[in-house]
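First comes one chain, alone, set out as structure tokens in the form predicted on its own.
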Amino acid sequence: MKLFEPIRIGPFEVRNRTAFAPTHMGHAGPRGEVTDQVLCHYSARAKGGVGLVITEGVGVLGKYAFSIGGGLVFLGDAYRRGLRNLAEVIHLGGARAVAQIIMGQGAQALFHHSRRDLVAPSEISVALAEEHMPKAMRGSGPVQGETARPMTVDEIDELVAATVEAARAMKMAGFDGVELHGAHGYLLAEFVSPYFNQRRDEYGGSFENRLRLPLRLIEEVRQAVGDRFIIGYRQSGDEHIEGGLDLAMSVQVAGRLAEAGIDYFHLSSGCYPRLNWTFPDEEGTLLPEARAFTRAIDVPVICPNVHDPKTAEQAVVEKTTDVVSLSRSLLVDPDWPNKAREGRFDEIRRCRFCCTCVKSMNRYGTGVRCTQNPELGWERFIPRYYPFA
């Protein structure tokens, strides 16, 4: 299968064209540190045969409101040892290791925190109506967030400096690269989006000004880490909201990012007010968007929401995408790549799109769970997932 042929991403060869998509798990320690559960969770997916592991978003500033608990962070020297262990575990499983860097959720953090500000590019709030939720999440009523305050230029400078330092730390920890999270309405995405960004300074207004922050991040991160390090970027192909990024504009953005030196482009879709596009109810919804990017830019394109190995193979053969990224599929079955490579398609456990994984993020306080995989969240107690097993 072409899906399991190597591919070059930036300076490195990746053993196949499958990636573990960044997936918040809620398994980090109380201060965002790497735990044994985090290590065994990623060990399971790397051992399962995936070519590239992109970690869940690693936060780089603790001063802004952030609504998802149990996530990884990098806030200084105390976190370096755990991150080094994480990179090593992924490499022991045979995969390349990329750490996603998340600058914040922006207005999508929804609510002010007693000790942290709710910030965004502009004074804006977000709302989610039930008709725009994934089907399995409907019934709980609409959500209306509070109004975020605009970030100051000094705060933007601080955010850039924290991101650059985190990227430098990831390289020192042994990661092969970083992915800048500019997708589905998070803070960096909000700066690029004409829906969220209503600023009138050098970081808003025109297309060029809205691109100023991601282009600055790419330039300064590259200066800090050098050429032998992957810099990826994740972005929604279409925000699917009136006044937001549409596909044509997103392709234009991707072209500029590729010129600036990113090594791959990782597709997503939607934003919080259109959550049904970020968590689709069926597979393959992003493939038409992926095709637009593979035809427009010269760096590898990674497309998520492909669950069936045959669909993935067809997408790669037809050059609809260069790599498929698996999130829910690898939560359900960490051995998806190995089973697909060996032709054991009937043995693969399948995602049922029930969204228990999404709902369990905040609702249960346990970290992410899966109705089809009772082992999810308990990998630290299962010997075959130990790094040296």
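The structure displayed is predicted, hence computed values, not measured ones. In case it trips you up, residue 1 is the first one in the sequence shown, and so on.
The protein also exists as the form predicted together with a small molecule; that form is not presented, and the subsequent description refers to it.
Annotation: in the model of the complex, residues 57, 279 and 357 each come within 4.5 Å of the small molecule through at least one heavy atom.
Checking 171, 210, 96, 184 against the small molecule in the model of the complex, a heavy atom within 4.5 Å turns up for just one residue: 184. Note on contacts: among 250, 305, 193, 122, the single residue with a heavy atom within 4.5 Å of the small molecule in the model of the complex is 305. Here the chain stands by itself, but in the model of the complex one stretch of 29-37, 44-52, 338-346, 323-331, 323-331, has heavy atoms within 4.5 Å of the small molecule. Residue contact with the small molecule in the model of the complex: residue 100 places a heavy atom within 4.5 Å of it. For residue 22, a non-hydrogen atom is located within 4.5 Å of the small molecule in the model of the complex, even though that partner is not displayed. A residue is said to contact a partner when one of its heavy atoms sits within 4.5 Å of a partner heavy atom; residue 105 fails this definition for the small molecule in the model of the complex, lying far away. Although the partner is absent here, residue 236 sits far enough away that none of its heavy atoms falls within 4.5 Å of the small molecule in the model of the complex.
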